[in-house]
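Here's a solo chain for you in structure tokens, the form predicted on its own.
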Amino acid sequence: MHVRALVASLAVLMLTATAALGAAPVQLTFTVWSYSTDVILDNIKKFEARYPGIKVSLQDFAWEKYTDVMTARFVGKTPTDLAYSSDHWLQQWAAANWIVPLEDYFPQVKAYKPDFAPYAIEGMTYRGKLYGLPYYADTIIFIYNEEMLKRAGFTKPPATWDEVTRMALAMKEKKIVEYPIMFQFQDITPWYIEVFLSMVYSYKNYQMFDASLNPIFDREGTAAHKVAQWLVDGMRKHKIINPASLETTEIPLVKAMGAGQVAFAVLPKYNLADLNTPGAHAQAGKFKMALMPGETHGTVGFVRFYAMTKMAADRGKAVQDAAWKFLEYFGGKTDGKFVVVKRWALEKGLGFAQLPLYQDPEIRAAINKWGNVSLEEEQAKVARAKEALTPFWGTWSLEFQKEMNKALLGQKSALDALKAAAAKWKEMKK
């Protein structure tokens, strides 16, 4: 009897082992824009160790080309299960049914909402449904070189855009730096429109559109007109803005600032961590953030997030279950903690939408090493999501950037550039 039972148990074990050995792992394809891929791969390695039945293939593309690459992948149905996305493109991707609302497949995702910053929820929501879990969320901030400011005779950072001009002119006159201000205004970079809007949102009457999404930014005296004219004057009249801004993207701008060639810049906040990392730049340790100059100090709050594609949803429940494990591991909690999000914050200085992390002593200490966590929280309170995020917003933003650069090159006035951008909007809205 005992022998028969033992034989039966061994048979069950063998069948189980065979099934386990024979079960092919679920394969997921994950696309990202190129940033710290070594960290992403290490996170994937740890995820796969926790879930041995899931394998993740990573594919990365340049940030400036990402939306074009992804559009081609979606249209051509190149296998893609999970992807970085952005509030820039949510409306377009969701309207085209390229990505799916997470709460339709994973109702439990709604439990995360109370933890997220409102601007991040807005940036991940389309037609009332949540489409992502945050990879990171942050604000666009004003960064200055404190030593250059002091050499120019100032003890406080500028509080208005007029003060930025005055201080920059003083630096230029004292030959501290030829062009104190630089932007990343290459016309294909998605940061361009966010930087411009951050400056617009620093005014009381910041609205770019009316309630029916008709453009109003092309009217004389609007916040957008003031910002556009300030930029044109800074580049062409005062010559305090480096003309190389029109060919510059994020990393070259950060390197120029770190080398002491730029005193003022408007950048995503995480760059402050890089700029102040000892040994990373010649001027490391000399950079501070200030509230965005302007009437209200408002700015853009943005979110980049993990999305599940329609292609993944269509592959069936096993893939959907694996995708949820991935999404929650990377953008949600593991064993009750935001493990991956916290890692990005500690190691790279990335901002986060998960507000409970601001109470984490380790996070607060890390931020204060390169920045100012209290000032960061103050800036976040007056951050707002981008207006009028329609399915054509991403495409229109590229047209806006081209028109603005014509004004910066002196080919048309600031107001005419805004009028041309408004005409493009009306054409796309039809």
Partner chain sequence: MRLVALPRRRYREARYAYATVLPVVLLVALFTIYPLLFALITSLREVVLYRPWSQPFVGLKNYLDVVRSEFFASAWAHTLTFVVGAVPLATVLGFAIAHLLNGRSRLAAWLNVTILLPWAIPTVISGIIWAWIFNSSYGAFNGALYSLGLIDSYVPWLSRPRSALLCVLFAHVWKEVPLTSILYLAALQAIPDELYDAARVDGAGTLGILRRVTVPLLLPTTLIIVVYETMVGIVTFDLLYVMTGGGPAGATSLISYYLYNSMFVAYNFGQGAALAVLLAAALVVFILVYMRLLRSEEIYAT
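Numbering follows the first chain given and starts at 1. All values derive from a computational prediction rather than experimental measurement.
Absent from the display: the form predicted in complex with its partner chain. The rest refers to it.
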Exercise: residue 53 in contact with its partner chain in the predicted complex, heavy atom 4.5 Å: no
is_contact(residue 80, its partner chain) in the predicted complex, heavy atom dist at most 4.5 Å: no
In the predicted complex, residue 364 touching its partner chain (heavy atom, 4.5 Å): no
Contact test in the predicted complex: residue 213 vs its partner chain, heavy atoms, 4.5 Å: no
Full three-residue contact with its partner chain in the predicted complex, heavy atom 4.5 Å, for 34, 125 and 274: no
Contact stretch among 143-151, 128-136, 92-100, 345-353 - heavy atom within 4.5 Å of its partner chain in the predicted complex: 92-100
Interface residue in the predicted complex among 109, 170, 246, 313, criterion: non-hydrogen atom within 4.5 angstroms of its partner chain: 246
The single option of 250, 187, 328, 194 touching its partner chain in the predicted complex, heavy atom within 4.5 Å: 187
Residues in 379-399 with any heavy atom within 4.5 Å of its partner chain in the predicted complex: 391, 392, 395, 398, 399
